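Encoded as structure tokens, the following chain is the form predicted on its own, with no partner shown.
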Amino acid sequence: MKPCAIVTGAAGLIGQYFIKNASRWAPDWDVHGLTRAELDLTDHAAVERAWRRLKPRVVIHCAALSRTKDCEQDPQRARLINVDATAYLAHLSNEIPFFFLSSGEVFDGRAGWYKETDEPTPINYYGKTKLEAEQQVLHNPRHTVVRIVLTAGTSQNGDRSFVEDMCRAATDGRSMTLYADEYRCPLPAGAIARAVWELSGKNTPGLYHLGGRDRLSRWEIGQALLPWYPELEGHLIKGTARGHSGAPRPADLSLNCEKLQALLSFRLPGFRGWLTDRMHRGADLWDYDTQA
């Protein structure tokens, strides 16, 4: 029998791509996805029973309370999910590889092109919970943290990605302000899944950054998506983060990914190049197909 690999957050934006692509990128594993409906990760007794039953040999932890606004409004729940549940999963996975998907939000966004050696200084509660969870995970030298920033893709319920948020607003007749001075390095969910599956087979635990090659403003990202999502036309407004109210948002979360790139069999794509390639080949927009 194949050894068991667990993917938490299997119904989420990124988790579903890990499951969807498992036969391509993890053919030697019996991949078992866990959704919130199947298992409450904050219920430690239930989680321990699941671990005893499944006997995983590797764990990829995608589940999180990931919307910044939700974390600011309910910090207790954010800590319970993002920190406490992660720490307990890492504890149960003490003797096996454990991969934790963290966030570039651990940085303040003042510099950009952050390396793994740069000092994290989160400015919102989501980033703080992710940083604390990272520290818990990396206590174990067998474990790995992968920081991501902005994920493109489509989710089961159409309510998880920034692309879906934009399209839903346009369909409802609402406009969306995109900051021209807030920078990210977006990466499709399919590419993230392939990269982490490859990393899981390398026996090189530690801290890694995973993002796209393009440093784009939110406004530039919106413009790049127009050929794919014409419903956005007329609904995108160019704005500036100087007038932002609400949870603090780092200005520049571009990531230097050279450390991880050196281990991968494929080149991490830039967002614009990815979209152009997909259009020319008629490939699935957010998946990473076997010919890529």
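Throughout, we count residues from 1 along the sequence that is shown. Note that the structure is predicted; figures quoted are calculated from it, not measured.
The same protein also has a form predicted in complex with a small molecule, omitted here; what follows describes it.
**Q** Only one of D28, E48, E233, D40 has a non-hydrogen atom within 4.5 angstroms of the small molecule in the model of the complex; which is it?
**A** Here the answer is residue option D40.
**Q** Give me the residue from I81, I221, L131, M166 that has a heavy atom within 4.5 Å of the small molecule in the model of the complex.
**A** Contact residue from the list: I81.
**Q** So in the model of the complex, does any heavy atom of L13 sit within 4.5 Å of the small molecule?
**A** So L13 counts as contacting the small molecule.
**Q** At 4.5 Å between heavy atoms, is S103 in contact with the small molecule in the model of the complex?
**A** Output for S103 is yes: heavy atoms within 4.5 Å of the small molecule.
**Q** Is I60 one of the residues lying within 4.5 Å of the small molecule in the model of the complex, judged by heavy atom distances?
**A** Outside the cut-off, so no.
**Q** Can you work out whether R36 and the small molecule are in contact in the model of the complex, taking contact to mean some heavy atom pair no more than 4.5 Å apart?
**A** Yes, R36 lies within 4.5 Å of the small molecule in the model of the complex.
**Q** Is it true that S66, I148 and T151, all three, sit within 4.5 Å of the small molecule in the model of the complex, judged by heavy atoms?
**A** Verified in the model of the complex; spot residues all in contact, yes.
**Q** So which of 168-176, 94-102, 107-115, 201-209 is the stretch with heavy atoms within 4.5 Å of the small molecule in the model of the complex?
**A** Careful reading of the contacts points to 94-102.
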